[in-house]
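Given next, in structure tokens, is a single chain: the form predicted on its own.
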């Protein structure tokens, strides 16, 4: 069985660990451990027979209206998809028509996959990932006007001007670091006319007052596409649901390219119910910061590991030792799966990524890592 390029491949991990998939503790997929919301499970239960036996509405009118209301848009500005990955494919087809496409690395592997599939002319712009670990600053200081923040901001601001035939792909918050760019940094690119695709798959994990979303500019800039995911925040990865916010003419063009019924009926009703579950949203915003900080502190107590916490529901960790070897050890000895970073261009075998999970699960990971890395200050 080939090594997976994404997190969450429990069949592969179980084969390595010698156990059943359900026995694994999965830190490799950045999915909320709090969901799915009870309201969604109830809705699926109540409508299961009908949804399984009927085709979905091909226009997804109800789902599009619900998503549009959530963002203060009209429904023609919304295009649901079979996960954000499907919509990224159509974004790449559009970007393939550009003279050049700027891609900040490391970045989510599906960007490269989709761009290569359509022969896009990609210019890779490396980010100074090591600076996040080497600065000696807290994560809030990193994001607040320091040289590191300027360095990362400059990665966008100092790109050559985006001409009408240029494009750019940006992930915000950034995967795999969790770094958050200010919305105004993105705005500087939009004024130049090139196609800008912003993947905000993890933006929901920030409380509304902390988010740096560019969704509010979609109607003002026909060259802006924003991709969103409902599978991570609401723990609905198996249902595959994402959506794009984009100009209606572009949405129409994408619709012509794809198969009918890309979103199944179960996913559609789950999304409508989830977006209305304000209590679940607040529970997530209350849970994540404290759980993330405890996990960060525990990792920083281990010699040989360095961590940048960022602002998402995952952490990027740098190790002095092989993370592929560590991944295998954790699977075979502890039945814990972490995400290696081999598929993130520019990182390699000294980085791994872990999701933030419930406190008792995070402690189980820290204990397992503590058996392999000595405490800071110990002989």
Ligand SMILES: Cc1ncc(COP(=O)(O)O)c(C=O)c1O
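Because the structure is predicted, anything quoted here is derived from the model rather than measured. Numbering follows the first chain given and starts at 1.
There is another form of this protein, the form predicted together with the named molecule, and it is not shown here; the text below is about that form.
Participant: What is the one choice in 114, 223, 213, 175 with a heavy atom within 4.5 Å of the named molecule in the model of the complex?
Facilitator: None of the other options qualify; the answer is 175.
Participant: Just to be sure I understand the contacts: of 245, 169, 241, 92, which is the one whose heavy atoms reach within 4.5 angstroms of the named molecule in the model of the complex?
Facilitator: Only one option qualifies, and that one is 241.
Participant: Quick check: do 83, 108 and 201 each get a heavy atom within 4.5 Å of the named molecule in the model of the complex?
Facilitator: Yes, the whole trio is in contact, each within 4.5 Å by some heavy atom.
Participant: Taking any heavy atom pair closer than or equal to 4.5 Å as contact, tell me whether residue 229 reaches the named molecule in the model of the complex.
Facilitator: Yes - in the model of the complex, heavy atoms of residue 229 and the named molecule come within 4.5 Å of each other.
Participant: Only one of these stretches, 118-126, 246-254, 193-201, 305-313, has heavy atoms within 4.5 Å of the named molecule in the model of the complex; which one is it?
Facilitator: Heavy atoms within 4.5 Å of the named molecule in the model of the complex occur in 193-201.
Participant: Pull the contact list for 293-308: residues with a heavy atom within 4.5 Å of the named molecule in the model of the complex, in sequence order.
Facilitator: If the 4.5 Å heavy-atom criterion is applied to the named molecule in the model of the complex, 293-308 yields nothing.
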